[in-house]
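Take a look at this single chain, the form predicted on its own, given in structure tokens.
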């Protein structure tokens, strides 16, 4: 069997890169940038007033002048005024251009105004460039603001807007099909017999995908019948970029997925990984170019494989720059019984010193999805058997 690292590498080598599209900036939240964005002009593009108050020449109060004639009002968005003399000041609003001839702003709380004159408070200190956001102090025209491969969240979208980008080139959102297999599955809300179980895995997969920003997601349920499965998979392979299946990939008589995929011409890249839970994981590429992730049907296995392999692979296919896994220490020692790599569900907590810890929340087997409630993700632990001590640091993968 492949190791976890080998499986991850093979997925990265075979998952096709998604195409590029140009979208209006307002539609790009969560998308992966596929072009560099450069600074349109110096930021700020002028000496910007950083506080409501009086703009003046700082040499005047340093020379003993504490009462100044209020010459005019400089509002944000208006062309800059010019200071008439050192004996004058100009009232300014936050965000306005600093008037020519001024090099400082005194906060309005430190000024009293009467009869057209501004009196500086006795304790008001005035230094050159105080409360002024200097031109070009954030970034210079032509400097790189955002690199291709960046996922666009609120700050990045605002940065792109500041660079004048009405549209940006981003990765095309993949069309995903989530498919469950099994005769025993019954939809929530439908009558369920004692020998049946609820169709829950798909809802967990859909929630995870949409929670990570994937919107083009369809779902389907197929019974354990070879011809029906073949027909439905053929349709989804023709109409979607990625298939995510749950169930039907182990070694039982009704685990039909690997055989049916082979009959459809899909190229198996690997089947089975040295991990617990999730050993029967299957990955391959269809003749259409669609990627196929066939996840084990036990619910813990499904969600672990989705978070560990599928979601990172989707972002990689969209061109996102890979991020190093988050790492965290075990709150208490933990016994690893298996010789396979293992995934341990955890919740996180912060102690009195501000240190983050992972608290083990082991399940009662890979079917015990109820134990995942309240967990934030899982640790990837090395093969055992052995005992990992308190403080052992491992990668954390969040749901």
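Numbering follows the first chain given and starts at 1. Please read these numbers as outputs of a predicted model, since none were measured by experiment.
FYI, the form predicted in complex with a small molecule isn't displayed, but the following is about it.
*Asks:* Can you pick out, from 162, 130, 141, 200, the residue that has a heavy atom within 4.5 Å of the small molecule in the predicted complex?
*Replies:* Filtering the options by heavy-atom distance leaves 200.
*Asks:* Which one, 284, 258, 174, 299, lies within 4.5 Å of the small molecule in the predicted complex by heavy atoms?
*Replies:* Of the listed residues, the single hit is 299.
*Asks:* If contact means a heavy atom within 4.5 Å, which one of 110 to 118, 314 to 322, 245 to 253, 85 to 93 is the stretch that engages the small molecule in the predicted complex?
*Replies:* That would be stretch 245 to 253.
*Asks:* Taking the small molecule as it sits in the predicted complex, is residue 263 near enough to touch it, meaning that at least one heavy atom pair lies within 4.5 angstroms?
*Replies:* No - in the predicted complex, heavy atoms of residue 263 and the small molecule never come within 4.5 Å of each other.
*Asks:* Hey, in the predicted complex, is residue 275 touching the small molecule, heavy atoms inside 4.5 Å?
*Replies:* No, residue 275 stays farther than 4.5 Å from the small molecule in the predicted complex.
*Asks:* Does at least one non-hydrogen atom of residue 237 fall within 4.5 angstroms of the small molecule in the predicted complex?
*Replies:* The answer is no: residue 237 has no heavy atom within 4.5 Å of the small molecule.
*Asks:* Does the 4.5 Å heavy atom contact test between residue 74 and the small molecule in the predicted complex come out positive?
*Replies:* The answer is no: residue 74 has no heavy atom within 4.5 Å of the small molecule.
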